[in-house]
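First, one chain by itself in structure tokens, the form predicted on its own.
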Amino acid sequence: MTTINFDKVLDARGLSCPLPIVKARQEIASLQPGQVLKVLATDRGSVKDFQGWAKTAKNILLVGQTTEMIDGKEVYVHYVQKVG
């Protein structure tokens, strides 16, 4: 497994669609180009939401997605890099 370095963490666990994306968009605006935001979400739909966002947005790159078990729950982890 490849380790992805990140600069900031957004905990969006417990939030339903589309709030993880909405919160991520707000957080990514505060980052400098090249920095990476790690987003924790429990919404299963966030996987496709982040993939769709990365395809349409010009200022971000989805550098990784994975799942982790945290407190006995499956958590979807997204790594988004601000570009340009």
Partner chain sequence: MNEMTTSNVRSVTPEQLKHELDRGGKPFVLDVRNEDEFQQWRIEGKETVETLHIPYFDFIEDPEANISKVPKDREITVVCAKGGASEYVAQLLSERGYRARNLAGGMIAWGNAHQFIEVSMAREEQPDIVFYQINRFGKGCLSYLIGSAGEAIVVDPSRHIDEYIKLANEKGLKIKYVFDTHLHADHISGGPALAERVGATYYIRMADAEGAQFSYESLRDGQQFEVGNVTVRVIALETPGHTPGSTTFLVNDKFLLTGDTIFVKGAGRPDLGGQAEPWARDLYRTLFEKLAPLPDDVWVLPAHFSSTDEQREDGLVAAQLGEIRRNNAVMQIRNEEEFVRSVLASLSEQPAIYGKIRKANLGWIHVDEDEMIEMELGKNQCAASAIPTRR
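Numbering follows the first chain given and starts at 1. The structure displayed is predicted, hence computed values, not measured ones.
This protein has a second form, the form predicted in complex with the partner chain, left out of what is shown; the following refers to that one.
Enquirer: So in the predicted bound form, are 13, 36 and 66 all sitting within 4.5 Å of the partner chain, heavy atoms only?
Expert: No: no residue has a heavy atom within 4.5 Å of the partner.
Enquirer: Would residue 75 show up as a contact with the partner chain in the predicted bound form if we use heavy atoms at 4.5 Å?
Expert: The answer is no: residue 75 has no heavy atom within 4.5 Å of the partner chain.
Enquirer: Looking at the partner-bound form in the predicted bound form, is residue 27 within 4.5 Å of the partner chain by any heavy atom?
Expert: Contact with the partner chain, no.
Enquirer: Is residue 61 a contact residue for the partner chain in the predicted bound form, using a 4.5 Å heavy atom cut-off?
Expert: Residue 61: no, not in contact with the partner chain in the predicted bound form.
Enquirer: Mark residue 22 yes when one of its heavy atoms lies within 4.5 Å of a heavy atom of the partner chain in the predicted bound form, and no otherwise.
Expert: Yes - in the predicted bound form, heavy atoms of residue 22 and the partner chain come within 4.5 Å of each other.
Enquirer: Could you run down 53-84 and flag each residue that has a heavy atom within 4.5 Å of the partner chain in the predicted bound form?
Expert: Read in sequence order, the residues that approach the partner chain (within 4.5 Å, in the predicted bound form) are 53, 56, 57, 59.
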